[in-house]
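Presented as structure tokens, the chain that follows is alone, the form predicted on its own.
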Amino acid sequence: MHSYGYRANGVLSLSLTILALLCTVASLSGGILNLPPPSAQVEVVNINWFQKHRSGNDEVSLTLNISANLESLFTWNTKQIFVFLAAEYETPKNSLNQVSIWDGIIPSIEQAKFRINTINKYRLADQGNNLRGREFNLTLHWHVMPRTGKMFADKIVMTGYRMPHEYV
């Protein structure tokens, strides 16, 4: 006969093994089931101002229309999605400059399809005067935070934007 301690150990070991197996299946199924791929579109409605500070740095304020459909990222294992919009451009010193200009947290599938009109939430500034006439991309990044398992991230790059040649 086994004692109660041996029986409890056997039940606990089996329970933890089953729980670990379920967590693994949950983690794998969350990344596989998100079809169709998310979609996003960003329109620069207006350049509110574009100026050079006394320090010599360029800074710009943009009015943006951001629309996205991230519903396919929500599975039964998705807790929330962190999403941010970044301006990306090249300068002679750096091959990639990335500036976050807007972000948000999407807590549910009901809020995963959105359209907002906003100004950039964070400063779009360059250390120097490298923004005049510069081509840049707007990239929508997202990080899916699951209830269990590995967090994953992806992005959509939108090209074809250009800063003005003169300060406004």
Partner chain sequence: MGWIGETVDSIKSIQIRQVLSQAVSLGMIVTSALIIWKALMCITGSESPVVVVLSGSMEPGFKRGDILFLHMSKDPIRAGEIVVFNVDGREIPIVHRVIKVHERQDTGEVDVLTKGDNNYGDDRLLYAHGQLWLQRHHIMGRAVGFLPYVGWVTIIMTEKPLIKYVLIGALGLLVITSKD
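Residue numbers count along the first chain shown, from 1. All figures in this text were calculated on a predicted structure; none of them were measured in a lab. Only the largest set of C-alpha atoms that superpose within 1.5 Å between the two forms is called the rigid core.
Below, we turn to the form predicted together with its partner chain, even though it does not appear here.
- Shown alone here, F84 lies within 4.5 Å of its partner chain in the model of the complex, counting heavy atoms only.
- Under a 4.5 angstroms non-hydrogen atom cutoff, its partner chain in the model of the complex lacks S67 among its neighbouring residues.
- Using a 4.5 angstroms limit between non-hydrogen atoms, R123 touches its partner chain in the model of the complex.
- The closest heavy atom approach of G149 to its partner chain in the model of the complex falls within 4.5 Å.
- Interface residue among V42, V99, A112, L62 relative to its partner chain in the model of the complex, by the heavy atom within 4.5 Å criterion: V99.
- For the partner-free chain shown, K79, Q80, F82, F84, Y89, E90, T91, P92, K93, N94, S95, L96, N97, Q98, V99, S100 of 63 to 101 come within 4.5 angstroms of its partner chain in the model of the complex, judged by any non-hydrogen atom.
- With the core superposed, A153 shows a C-alpha displacement below 2 Å between the shown form and the other one.
- With the core superposed, R162 shows a C-alpha displacement below 2 Å between the shown form and the other one.
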